[in-house]
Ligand code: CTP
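In structure tokens, one chain follows: the form predicted alone.
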């Protein structure tokens, strides 16, 4: 099985030194990459900027912006049996990237933003027969309702839902898996390495002993 995994945040630059990003550490996506490698998969890891060392044996594609991640993911997904989108991709970016550092001036400043491409929705539209598409939903409220809506709207096979307070930046995570056929699997609070293995076991089945 060839599996594509995304991890980490993206950066959307305002000027040469400032950018919009989020608190994603990339640990969950890297753990899924390691777990997939241990299952004998061929692994492609598209990663935003993180302070992590990729598992030895995966093919790594490094990106910064949402646009760069979209380009890499759509290119690689065509040849993959499964895609796990664990990255926290920015939803908005500055309309204009300033060529020089923005100087401080008196008063308030308005930053004009535009939507980035919804990579997961694009993958759902281009999904080939038999391909498994897995998304992540990090929420602060209405966890299951928001995750279910995302699962259906983006044509996913599974979605891994977790509260931001349970996973962002931490070494542990507590995940609820929702399947497109209505299956709900609540995983216990565990290290991200263990959670990653549980996610893959739930989606693809337990490895033979």
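All figures in this text were calculated on a predicted structure; none of them were measured in a lab. Numbering follows the first chain given and starts at 1.
Quick note: we don't show the form predicted together with this ligand, though the next part is all about it.
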| item | value |
| --- | --- |
| Segment that reaches this ligand in the model of the complex - one of 89-97, 125-133, 103-111, 74-82, heavy atoms within 4.5 Å | 89-97 |
| Heavy atom of each of 2, 35 and 56 within 4.5 Å of this ligand in the model of the complex | no |
| This ligand contact at residue 153 in the model of the complex, heavy atom, 4.5 Å | yes |
| Within 130-146, the residues that have a heavy atom no more than 4.5 Å from this ligand in the model of the complex | 135, 136, 137, 138, 139 |
